[in-house]
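To begin, one chain is listed below as structure tokens, in the form predicted on its own.
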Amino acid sequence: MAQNTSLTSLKGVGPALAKTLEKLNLHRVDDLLFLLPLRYEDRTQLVKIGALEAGARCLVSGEVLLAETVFRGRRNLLVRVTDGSGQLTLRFFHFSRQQQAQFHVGTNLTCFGEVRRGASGFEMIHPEYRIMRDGQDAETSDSLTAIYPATEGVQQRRLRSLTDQALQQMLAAPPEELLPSAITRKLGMPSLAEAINYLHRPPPDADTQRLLAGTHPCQQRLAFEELLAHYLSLRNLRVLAAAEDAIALTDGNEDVSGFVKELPFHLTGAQDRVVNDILADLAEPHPMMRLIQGDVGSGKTVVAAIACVKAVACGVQAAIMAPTEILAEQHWRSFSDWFRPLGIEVAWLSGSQRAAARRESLEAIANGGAKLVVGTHALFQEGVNFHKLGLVVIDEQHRFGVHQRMALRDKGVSADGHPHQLVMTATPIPRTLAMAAYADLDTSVIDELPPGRQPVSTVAVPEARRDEVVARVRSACESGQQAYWVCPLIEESEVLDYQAAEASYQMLSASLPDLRIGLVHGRMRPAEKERGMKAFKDGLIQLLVATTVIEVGVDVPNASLMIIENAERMGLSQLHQLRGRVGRGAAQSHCVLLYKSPLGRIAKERLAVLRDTNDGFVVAQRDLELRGPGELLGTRQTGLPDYRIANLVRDAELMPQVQITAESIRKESESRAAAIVRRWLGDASRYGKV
């Protein structure tokens, strides 16, 4: 397979068409081979017009009886054809005078399209057709006809013609088999060339149901090799990182023990286990690259704090980066409370700081006075210079782009090596997906909630019962509890019929005049937003109306009721995150999912999952199935490329074997591993997490 052969080497491809094909991510001849059909049509046999059924997509042949232009609201070209068994009307709304002239009486043609019931019998609207020469027989296809992803300016017939040329080139010079033969035999997989040829031109008796489901052995053969390429690429990043130097943080065991002993709570078994993983990594002379997964409320922050105590005790600085000011400020307050008794200064850095405060923070960071720095994206901006950065902690890592995380890591690169990295997420990731997406990171899971936490009771309620929900809020707040009322938008929108936060605030203020109600949203000034959040945390506000800015990081143990407007419009993971804002105290907590009827199928399934489980991993698995891996991982931000063939949900069961095969290939042949990565990822082989 000629990897670098330009598309312009194919017949009929000039510079203009080549540029159009780039919209389909087609740059080279072999890109065409990996552009698999979306579906298939059966043009292997002619169907008699008299045997047609409504809804079927068929190939028919006939003679033109009549062609006329009629005006029925708009101009129509009607062509009546017959094959002796019946008559069929071809209807065209868009046509030229030259096209109309082709259909003179007595002309023979073949056409393919969907059969519909019309005013005067069966008809096809804008079918594909071919005029036959005198004496020419109707042509049928030897294989099922592929329907490809298309773009404006490229017709299906053109794509099939180009793919035919690419297949001829491939069969003349078959691609090298890079998978070990033992693996393909074990999994019952065909060769790469056989799989590609079959998928583009399946025989008439092909199992179309399996092809459409993506589970045909030929599709699984390609998916396996693509998953393998991505996995090998990520493992390469891990190997490169393992070869880098870092300061081995071996001192400070007493400081860590003392810190843990002074905490007002005991660590869970899961937290203890993850802390041991982290401390073992930090003691190595190579940079730690560890992902901590933990459900909302599982106690990831204190685990990160223990890692920071270790770093500071070993004479290096630690930096904690969070995606939002609210979350970063909460971390700053928590860490300041924990570290003040230890005499450790915690600096704060954000984009909204006043100039004088920012200068003071920058100076403390640069001279080493600030042992621990907490902030937002501002941490990796120009002008921020660390004295000796040894540990980088990134919270809600999927909210950051690769380059942002690399920029912060690079702040700590020195003659002593690279800083250790700890990334955390409260979005649990199913194991098979984590294997595919985070193969460059060691993963630890905090799969245990602190003792005393009660599951949050969740109900879904139609907005027609809004008055009952408002009454429930009144009752909860009058009994001394606090409540959240979350809305997707800040203001009313004619485009999106969501309940807006400001409108809800006005409505609730009028309905509940005796309650102290606050409003927080993303467009507020940071100081104003912080005042609102602090007033809620201090109990001065009983009901907080907010947008999803409170999704992560807000910890108010007295809040026991969460109302979520337009819950049907949100993803499962976001709903689970919001629900996690309650249930942090001793009282039984409740979450009300307020929805607008009627509910679609996926929305019903989504709300049912929330009602049935509080387990973040179950929620994440269902979210993955309903929305796909891109949404769950935030791949637009992480830089994880789209898979061309593989589907991380459908092909999850392949991942364990992919992992085994990758380790085997890496040991036996580095050149083979590199060739697999190059075949599927080309120059984009360095991607993923920092």
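What you see is a predicted model, and the numbers here were worked out from it, not measured in a lab. Don't overthink the numbering: it's just position in the shown sequence, from 1.
If you look for the form predicted in complex with a small molecule, you will not find it shown, but the lines that follow are about it.
The contact residue chosen from G153, P450, G368, P285 relative to the small molecule in the model of the complex is P450, the criterion being a non-hydrogen atom within 4.5 angstroms. For the options P323, P488, G297, G113, the one in contact with the small molecule in the model of the complex, meaning a heavy atom within 4.5 Å, is G297. R235 falls outside the set of residues with a heavy atom inside 4.5 Å of the small molecule in the model of the complex.
In the model of the complex, the small molecule sits beyond 4.5 Å of every heavy atom of G315. Using a 4.5 angstroms limit between non-hydrogen atoms, P557 touches the small molecule in the model of the complex. Contact check for K604: no non-hydrogen atom falls within 4.5 Å of the small molecule in the model of the complex. Residues within 4.5 angstroms of the small molecule in the model of the complex, judged by any non-hydrogen atom, belong to 450 to 458 and to none of the other stretches in 588 to 596, 450 to 458, 520 to 528, 227 to 235.
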